[in-house]
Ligand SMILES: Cc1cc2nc3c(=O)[nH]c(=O)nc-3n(C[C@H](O)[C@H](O)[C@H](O)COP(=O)(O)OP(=O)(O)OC[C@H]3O[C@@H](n4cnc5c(N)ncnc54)[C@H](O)[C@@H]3O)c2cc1C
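Shown here is one chain on its own, the form predicted alone, set out as C-alpha cells.
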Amino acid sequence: MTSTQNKFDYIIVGAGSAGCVLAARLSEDPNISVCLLEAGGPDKSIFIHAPIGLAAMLPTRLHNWAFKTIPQVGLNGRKGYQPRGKTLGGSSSTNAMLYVRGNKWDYDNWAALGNEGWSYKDILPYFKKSEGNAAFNDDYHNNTGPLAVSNATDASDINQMFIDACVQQGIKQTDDCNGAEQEGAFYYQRTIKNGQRCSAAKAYLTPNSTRKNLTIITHALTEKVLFEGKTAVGVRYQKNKKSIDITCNKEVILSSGAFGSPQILMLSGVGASEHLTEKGITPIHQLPGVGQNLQDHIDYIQTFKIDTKHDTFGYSVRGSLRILKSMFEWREKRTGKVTSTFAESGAFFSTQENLVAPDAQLIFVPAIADNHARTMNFGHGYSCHITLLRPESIGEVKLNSSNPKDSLAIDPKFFNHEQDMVILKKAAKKMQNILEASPFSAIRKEMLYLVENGNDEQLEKDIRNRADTQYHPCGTCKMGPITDDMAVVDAQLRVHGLEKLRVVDASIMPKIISGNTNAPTIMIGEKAADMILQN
C-alpha cells in the first residue's frame, strides 16, 4: 500500500522473518502506530503458497535477490550464490520450510559470550510462543502460536530408506530434533498448514493486515536511516523513483537480514569510518563490527541416479505426468506431492566424540539436486546435503558504492579456516556411506558426480568444485557487550552508541546456530517485541 502518513511510533525496515513478527506484535496495541517497509512486493504468488514452488524461485530472480559472493579462494575462485527472499515474508516465503531450532548449547553459548537473557531457558518460551505445532504439544512445543508447524505428508517412500541407512550407519532414529535431544535421523517438521506454506507473512501479517495502526508499504527500497546527532529519527526510502522521508516517535528497527541490515547501517554512516569515507559516505558513528562476523553454513551435495519408476521428483515423462496430476489434486484438496518441501528427511550427527553438540546435518532430497536447481539433469535420483554446522571460517559484507541499488561485496571466506575442510570431508564420508548403504541397493545406479568412496583427493576436489551455501548467512550485526569491539548491538538489540535504533534479525547472532536459521529468526523477533514493549 501507499501511505500519506509520514510519522509513526515504530518504523520497521524489512518484512522478513523477524520484521513480520515485530509488526504484528507491536501493533497489537491499538495505541502504537507501526510502519513496515519492504523492498519486494506482496506475497500473492502461487509459487510462494504452493510448497514445491520453491523450485521455481530458488534458481531465478522470482521474489529473490539472487545475490552472488565475490570469488571464493576456497571454492576454486567460484562466486557463491546467495538467494534471499524479496517479498513479504522475506526468505520465509521462498525457503524450503524446514522448522529447525538448533541446539540448546548454541543459545547457552550466546549467553556465555556476554548476552544476558539469551540462554536456552530464556529463549525457549519464545520458540513456543511463535509455534502452532500440529504434532507436538509438550515441554518443548506449543500448538496455539501463529506459525504453523506440521509433520511431512505425502513424502517419498525412499525417505524411509534414508532413515534405515542412517540407523545402519550408527545414527539412531528420533521423532523430534527440536525437543529433548537434537541428534538422530528423522522426518523434518515443516512450516506448512493445510497444504500451503506458512511464512512469517502468512502467520503474522495476513491475519493483521487490516489493523488501522499498521501500515505496510511494499516496493520500498530503504536508502538510509535519518539521524539527529546520534538519535535515529526516521527513514528515507525510495518508491516509484521518488525519495520519501518518514519519521518515528519511538524507534527505527532494522530487520533486513544479514546482508540488508549492515548495508543500511553503512549507507546511513554507521560502520567502519575508513570504509564509509572510501565509498563517499560521511561517517556518523564509528562501529567497526558492522558487516563483519559473517557466518554461513557451507554445504556439499552427493547424488545418485535411479530409475524413473520410483517415487521421486525428476525431469521425465513419468515425472511430469505425476506433477501434473498432483497440481490438480493440490488445487482441489491442498494435498499430494505439491505439498512437498523436497527436503523431506534428515539427520544430525557428530563427527567425533564428546562434542558440545552435533556438528553435521544431513538433508535428504528425493530428487537430483544440482547447483541450487540451476543445472537441469534429466531423469530421477536421490540426493543428500551435508552441512557443516559450526564453521570456523568468518567473512564480511562491504559496500561496493553509496548507491543502495548496487550489489554488495559479500565474502563468506568459505574454507578460509582449514579445519572446516577437515571436518566436512569426515562428515561427507559418513554421508556417502549412508547413500551407498544396503537400504538403497535395489534402486541405486551411478553417482552424478563420481567420487570413489574413501578417496580423499577426489572428495576434496569435488567439494571445492561444487560446495556452496546452505542459505543461512548471519552474524553481521553481532550481539555482544560494549567491551566487545566488534559487537554492533547489545543484549536488548540496541545499536551501541546510538539512540532509538535496533537491529532485529539473523544478523545479530554472535555465533551461527547448529541448524537452519528461519525458526530462530522468528524467535528473535518474538523476544525483541517483548523487550521493546517492556521498555
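Note that the structure is a prediction, hence the values are computed from the model and not measured. When you see a residue number, it is the position in the sequence shown, counting from 1.
Heads up, the form predicted together with this ligand isn't pictured, but that's what we're talking about next.
The shortest heavy atom separation between residue 65 and this ligand in the predicted complex is within 4.5 Å.
Among heavy atoms of residue 390, none comes within 4.5 Å of this ligand in the predicted complex. A residue is said to contact a partner when one of its heavy atoms sits within 4.5 Å of a partner heavy atom; residue 87 meets this definition for this ligand in the predicted complex.
Using a 4.5 angstroms threshold between heavy atoms, residue 98 counts as touching this ligand in the predicted complex.
With the partner omitted here, the residue from 58, 487, 493, 26 that has a non-hydrogen atom within 4.5 angstroms of this ligand in the predicted complex is 58. The single contact residue among 165, 276, 123, 264, judged by any heavy atom lying within 4.5 Å of this ligand in the predicted complex, is 264.
Proximity of 69, 292 and 475 to this ligand in the predicted complex is absent: no residue of the three has a non-hydrogen atom within 4.5 angstroms.
Of the candidate stretches 43-51, 26-34, 477-485, 503-511, only 503-511 contains residues with a heavy atom within 4.5 Å of this ligand in the predicted complex.
Of all the residues from 507-534, those having a non-hydrogen atom no more than 4.5 Å from this ligand in the predicted complex are 516, 517, 518, 519, 521.
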